[in-house]
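Below: one protein chain in two forms, given as structure tokens, structure 1 then structure 2.
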Structure 1
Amino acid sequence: MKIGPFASLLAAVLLAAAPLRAQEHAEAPASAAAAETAQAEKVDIITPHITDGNHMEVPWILPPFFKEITLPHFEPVHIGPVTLDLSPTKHVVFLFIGAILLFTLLTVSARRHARATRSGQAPKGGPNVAEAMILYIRNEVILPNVGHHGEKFVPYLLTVFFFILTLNLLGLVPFGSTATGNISVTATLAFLTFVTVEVAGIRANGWGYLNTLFYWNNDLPVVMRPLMFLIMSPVEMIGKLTKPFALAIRLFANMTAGHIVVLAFVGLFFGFAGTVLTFSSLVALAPITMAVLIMVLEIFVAFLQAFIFTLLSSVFIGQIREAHH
């Protein structure tokens, strides 16, 4: 019996939706009101999947082939008036998984590429794909936008691209979770880019870096210079903050929105499946077909958002390095 490509995609979506059934963390309700609340929480399959938490689902050998586990909890660390909870969460776990997976794949690809080069052969397979992606991002995205002597920024920007791409793709695999759908993760990535941009500006411009903070136009009449200084300096400072804010919100919103749409269609599928005779009904297949198409689009979006984050980071670095011109 042959299984067509649509059936394969359908099976993948249903497998990815399997953990949606494992959303109960509370004990049995003791009252009717509590039962209604528990029922409302039970049918909410979207929010628990896209938000962070101390529970995560893993594959299991026994039906229903998944198991929910509770992550360990550590005692909070107190630093003066600040209390830090360093307990791992679902997104933290996938941050480590993404980092380990990326380090392993790129290290293996680099060694295989070096081995092929020493033997006088062209790299094949994974190393060839990695080399093509690295060269494209370096030569067509980073260097043209960062500007002259931009080689020192290539390692950071390549790391950002591949790390975001890995996290985005991990959210599309069964039992996976999209860490870039967490505003804390995207805000941290944006903050790192913000620090890189400002340090690059200070090193490139020296004292001229102050012109990116305080507006002073020598071409204006003398009377207008202080007035424009008072008006435009706050605008310049706000502009510095809007860039990392835009980076964080764009990545967070795009990765979250796609998963919400997919989960909504999967929820409609199970809803219609309970009211019709068979799963082959067109009514039930319509939302799952849309979910499959959105999943395919999400693969493209995963690459696109990593590309855009890297492109904008390169542009911001290049702009501030050339601020004195």
Structure 2
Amino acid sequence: MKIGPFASLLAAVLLAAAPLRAQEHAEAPASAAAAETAQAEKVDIITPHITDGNHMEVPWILPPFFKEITLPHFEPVHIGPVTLDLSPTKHVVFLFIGAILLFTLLTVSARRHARATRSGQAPKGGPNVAEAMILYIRNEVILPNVGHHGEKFVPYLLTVFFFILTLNLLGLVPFGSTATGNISVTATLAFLTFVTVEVAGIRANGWGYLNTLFYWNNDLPVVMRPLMFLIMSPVEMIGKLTKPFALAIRLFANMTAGHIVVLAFVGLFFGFAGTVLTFSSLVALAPITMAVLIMVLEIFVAFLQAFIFTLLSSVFIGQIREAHH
């Protein structure tokens, strides 16, 4: 039984490499495949960690030091023909934890910062860190990219940055879950950016906004104008939609991929533990080292992806506001 994973892996490789042989010995691979699926169900530590659900694990004082709790279920709400299940899931809980944490940290920081400034001193600790990050994002990322009078967009973009950053980092703490590893969350964030970009375009360009939606070129011959209108307008609209789509996919994929890599390395540990009997703990050093290193990389990625989302949102806002040029 102890060589189960290895044997099933071998069987899978043989199955893929030599279909003819597998046909001859039809019985053995079939049972091996069954064992493989049973084994796969047993050791799947990745899927439950990266997917959403109505269960979550919380720390507990008694062994095994965690407890699985089931989140409350609300009756679905009916609005016309639409049925909405508003029950909280694991990621919803972490959205709220992130929001509350961020609100508390930043309001406390702001208050302490104001107090330090009033007394004529430089702020220390947390407020200082918050100030450095806010000023960097504001002065290096938002204002140069949004363009003239970009101050109006600073509150939204800073909120997006810190919210995404908090959610990303919450996925790295024990018992944490990455809400930004959920395509619905990233799609909603990207949709908010999309609305902000379009509203900014309407406000900056007025009726000229229609030029970013439809294509009408007065330099063309009269016959060509409607033809080019019909061909180019869909392309312009597709171009509008691909930007937030890419934003959503980029954040979702980056956050999910890192977790899968870490969990796959941790999974290797269990794989080795069953096979290389006496050396198991030594062999496990390699995947554990890799998992820790990837985890460090993940901390960097958490900052990077929040930064990229904010940067690209600023770039898109700046782009559409200058569209009339």
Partner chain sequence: MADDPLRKPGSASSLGAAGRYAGLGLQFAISIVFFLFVGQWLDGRFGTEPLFLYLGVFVGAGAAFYSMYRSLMADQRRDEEQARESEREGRGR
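Because the structure is predicted, anything quoted here is derived from the model rather than measured. We call the rigid core the largest set of C-alpha positions that still match within 1.5 Å between the two forms. By convention here, residues take numbers in order along the sequence of structure 1, the first being 1.
The form predicted on its own corresponds to structure 1; structure 2 is the other form. In a rigid-core overlay of the protein, residue 184 has its C-alpha displaced by under 2 Å between structures 1 and 2.
Relative to the superposed core, residue 217 undergoes a C-alpha shift of no less than 2 Å between structures 1 and 2.
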